[in-house]
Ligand SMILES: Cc1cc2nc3c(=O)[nH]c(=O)nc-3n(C[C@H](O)[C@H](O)[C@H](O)COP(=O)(O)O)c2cc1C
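In structure tokens, the next block holds one chain alone, the form predicted on its own.
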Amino acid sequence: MTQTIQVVAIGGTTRPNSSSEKALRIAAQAAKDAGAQVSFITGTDLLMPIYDTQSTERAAESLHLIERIRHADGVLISSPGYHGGMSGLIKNAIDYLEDLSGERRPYLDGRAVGCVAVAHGWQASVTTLHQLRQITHALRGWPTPMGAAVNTAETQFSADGTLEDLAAHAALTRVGTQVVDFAEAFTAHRN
């Protein structure tokens, strides 16, 4: 009997249907197509109080994020590139993973993590992707071999969320598929 892989897709901006959320949804659809159950934490779900190491009080949104990650086999993270780095909204959500530090599987331990960065230019999209991958390593996660940097100066998302650039679309799809493939391998190993 096989277990359904649980993937949490985190990302976007507070602007509905942002480019980084559209990219996240393409990767998430590939994860669903590969058999995973995907839950989303996007848009205003990401409006959490600034992570405070001095307080144990948590807003409902923060508790929801922590609980989803606690039970996740894989994670997809998509951040816009702001001024050469990830958005504060995404970084703050990631900071809440500190609440998992004392767990049997601390932080992102043993979880496949697909990283996606979207920016208007290669410099910001690539540096943001690099930051997401570095943070994943620091939090003991396993970044997928494929990461996706989407440059919206060269390609655009259509109104329905598809991407004009077939290579960028393929990269996003590969990220979502690899999260499931690696999560299945990790789950089989743990069991």
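Residue numbers run from 1 along the displayed sequence. A quick note: this is a predicted structure, and the numbers were derived from the prediction, not measured.
What comes next is about the form predicted in complex with the named molecule, which is not displayed.
Asker: Consider the chain as shown here, without its partner, and state which of Val118, Met86, Ala93, Leu108 has a heavy atom within 4.5 Å of the named molecule in the predicted complex.
Answerer: Contact check passes for Val118.
Asker: Exactly one residue in Val38, Ala124, Ile26, Leu65 has a non-hydrogen atom within 4.5 Å of the named molecule in the predicted complex; which is it?
Answerer: Flagged contact: Ala124.
Asker: Within 4.5 Å of the named molecule in the predicted complex, do Thr13, Ser20 and Pro80 each have at least one heavy atom?
Answerer: Affirmative, all three are within 4.5 Å.
Asker: Is Gln131 close enough to touch the named molecule in the predicted complex, meaning at least one heavy atom pair within 4.5 Å?
Answerer: So Gln131 does not count as contacting the named molecule.
Asker: Residue-level question: is Thr42 within 4.5 Å of the named molecule in the predicted complex, judged on heavy atoms?
Answerer: So Thr42 does not count as contacting the named molecule.
Asker: Does the 4.5 Å heavy atom contact test between Thr136 and the named molecule in the predicted complex come out positive?
Answerer: Residue-level check for Thr136: no, no contact with the named molecule.
Asker: Select from 143-164 the residues with a non-hydrogen atom within 4.5 Å of the named molecule in the predicted complex and write them out in sequence order.
Answerer: The stretch touches the partner through Thr152 alone.
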